[in-house]
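A lone chain, given as structure tokens: the form predicted alone.
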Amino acid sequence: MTRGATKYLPLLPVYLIYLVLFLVAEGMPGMWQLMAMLVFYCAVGQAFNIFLGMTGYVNFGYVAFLALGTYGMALSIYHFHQLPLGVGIVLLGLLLAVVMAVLLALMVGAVALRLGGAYFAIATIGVNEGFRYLIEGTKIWGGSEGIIFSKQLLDTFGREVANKLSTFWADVSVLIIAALAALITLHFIRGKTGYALMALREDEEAAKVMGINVTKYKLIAFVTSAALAGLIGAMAWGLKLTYVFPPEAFDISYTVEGIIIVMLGGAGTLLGPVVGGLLYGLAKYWLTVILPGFQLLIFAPIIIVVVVAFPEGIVGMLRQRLKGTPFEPFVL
């Protein structure tokens, strides 16, 4: 096998997991929503990992990018549904989602990324709530009432196609975005960008001395992560729910969940966010079913034990165990 082909071997277990999730969802009645939830958490973990895992910086305002992606899809369908665009209106929504998320990332990143780790985290805390209250206070994009665009979606596509878009295709699109995020992550890890990010994560001052433009590479990771979050928000929330409501769209718990998923699976790894997303999603689902009302009380100590037992994440531990074995090239 050539060196170029070997480079992509770590993608096989990731894509195999996604294929199994899709086949289970298609083949087993009643499993689609559970599989869709697991894919959503995996996708969020992978998108979040591109910045958190590779730089060590925690962005507490990350859910704002998901929210803007939702608004991008909502604004496209709500305002342009009368144009003869067909499925192009969904593509326009995806474009708006990416543009809006990237613009916010550039505005925040240009200032906040010049700060150190803890100071950056503090600076991003207010981004999420600040943007939410800006929308509600100035009454833009529907203000506190949000945007409901289910009628516009029906008018554009008809009931049958609209239902298919907001169920099957919305979930499949999130799966495709997750696969794309995995490919980008591998490209970063194995490329110049990944080496620069690894250097600044280990010792940012030393990386500066070595001539690495740390702000540039942090901004690349930040914007890429934001763009993927915008795509996820547009499909998993916007097109799937056909409405956007500020308190739900800017719910900071999704940022916390993203941090948990990355740390649980293994920060800075390719397979880690997928494993973390699966474990977190399944644990959350079963604890909600078995112990409704107590799931968070039970789940918190479980997460703490796992993180303490595996400080490098589950995949980090797995990589150590598989060193020197035929399976080593597949786990990254």
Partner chain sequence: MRSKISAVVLGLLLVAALSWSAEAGAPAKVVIGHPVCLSGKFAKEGSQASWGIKACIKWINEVHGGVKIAGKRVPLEYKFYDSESKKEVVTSLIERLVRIDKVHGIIAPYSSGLTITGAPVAERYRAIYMSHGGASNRIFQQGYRYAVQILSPATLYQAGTLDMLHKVDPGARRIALAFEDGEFARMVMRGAEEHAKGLGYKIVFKRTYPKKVTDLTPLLSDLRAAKPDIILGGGHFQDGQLFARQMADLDINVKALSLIVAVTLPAFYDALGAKAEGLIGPAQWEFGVKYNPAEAKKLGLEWFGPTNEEFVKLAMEFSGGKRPDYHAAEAGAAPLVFVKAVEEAGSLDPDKIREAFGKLHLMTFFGEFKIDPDTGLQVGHSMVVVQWQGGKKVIVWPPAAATGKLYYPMPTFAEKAKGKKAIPK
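Positions refer to the first chain, counted from 1. As the structure is a computational prediction, the values presented were derived from the model and not from experiment.
This protein has a second form, the form predicted together with the partner chain, left out of what is shown; the following refers to that one.
The closest non-hydrogen atom of residue 133 lies within 4.5 Å of the partner chain in the predicted complex. Taking non-hydrogen atoms only, residue 247 approaches the partner chain to within 4.5 angstroms in the predicted complex.
A residue is said to contact a partner when one of its heavy atoms sits within 4.5 Å of a partner heavy atom; residue 240 meets this definition for the partner chain in the predicted complex. Looking at residue 194, you'd find every heavy atom of it more than 4.5 angstroms from the partner chain in the predicted complex. Screening 182 to 190, 84 to 92, 254 to 262, 213 to 221 for residues having heavy atoms within 4.5 Å of the partner chain in the predicted complex returns a single hit, 254 to 262. Residues 29, 30, 31, 32, 33, 34 of 17 to 35 are found to place at least one heavy atom within 4.5 Å of the partner chain in the predicted complex.
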